[in-house]
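A single chain comes next, written as structure tokens; it is the form predicted alone.
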């Protein structure tokens, strides 16, 4: 009778289900990719991927979490950004709720660390290593010697990433060079005069249209406009979130930047 007992004892234990709240769309996407989507009982107001996320209770977001709602969900763990409102995390912790504050991703490789941290907390280290390896395998093996100068407009009004944003690194991995990569900050509002002066060879619009962009003063004289590299074909959510889908968008952007005009 000892053999069956030993075999049973040696068998891998199933992953324990948990009650999880995610306050960032990228965390939610990672949790689903890890196979733990069923454990989510609350997500941020902006979590719309995968489609199953839309059916989960909304609990505010990283800047304005709904403390009462989160507490009512009785979570075992809440994933929040360490760079967001620390007072909300402290309030939740004072109520007996465990909060895991994750560092801000400043480059694409930081996403692997986020994957591993979330996976470890959920008891899914093996799945975390597998996902991190898969995403790392999507990174380009070689970058061009002379990357194109790129202006990335993340939102209307000239909002663009600086060198401290993972988006600047995403542009680099696609074979470009962010014209504002020297700015040691995350996101800021660049002036149109600065864009004209730096004369990008490619423009990425995550909002707005090519027609609107080219209607701006002197826009048609930019190197990007002359080369026909006004890029509007990226998935805004997938590209602007430090999550698993970003790497597919980097590959797509690389194809746009390498098109010979």
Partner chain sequence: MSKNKFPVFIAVLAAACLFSLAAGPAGCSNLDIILNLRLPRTLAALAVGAGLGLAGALFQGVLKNPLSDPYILGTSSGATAAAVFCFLAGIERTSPVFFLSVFAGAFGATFLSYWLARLAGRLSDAALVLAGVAVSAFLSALVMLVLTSSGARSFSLFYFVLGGLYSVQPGVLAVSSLIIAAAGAVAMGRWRALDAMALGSENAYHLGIEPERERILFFTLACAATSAAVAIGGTIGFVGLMTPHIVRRLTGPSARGLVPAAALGGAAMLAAADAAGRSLFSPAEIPAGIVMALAGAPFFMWLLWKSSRGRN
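Remember, predicted model here, so these are calculated numbers, not experimental data. Numbering follows the first chain given and starts at 1.
We do not show the form predicted in complex with the partner chain, though everything after this point is about it.
The candidate site formed by 64, 188 and 191 is fully in contact with the partner chain in the predicted complex, as each residue has a non-hydrogen atom within 4.5 angstroms of it. Remark: of stretches 227-235, 34-42, 210-218, 49-57, the one touching the partner chain in the predicted complex is 210-218 (heavy atom within 4.5 Å). For residue 166, no non-hydrogen atom is located within 4.5 Å of the partner chain in the predicted complex, even though that partner is not displayed. The shortest heavy atom separation between residue 83 and the partner chain in the predicted complex exceeds 4.5 Å. Looking at residue 155, you'd find a heavy atom of it within 4.5 angstroms of the partner chain in the predicted complex. Heavy atoms of residue 196 reach within 4.5 Å of the partner chain in the predicted complex, making it an interface residue.
Contact annotation: of the candidates 183, 76, 127, 110, the single residue with a non-hydrogen atom within 4.5 angstroms of the partner chain in the predicted complex is 183.
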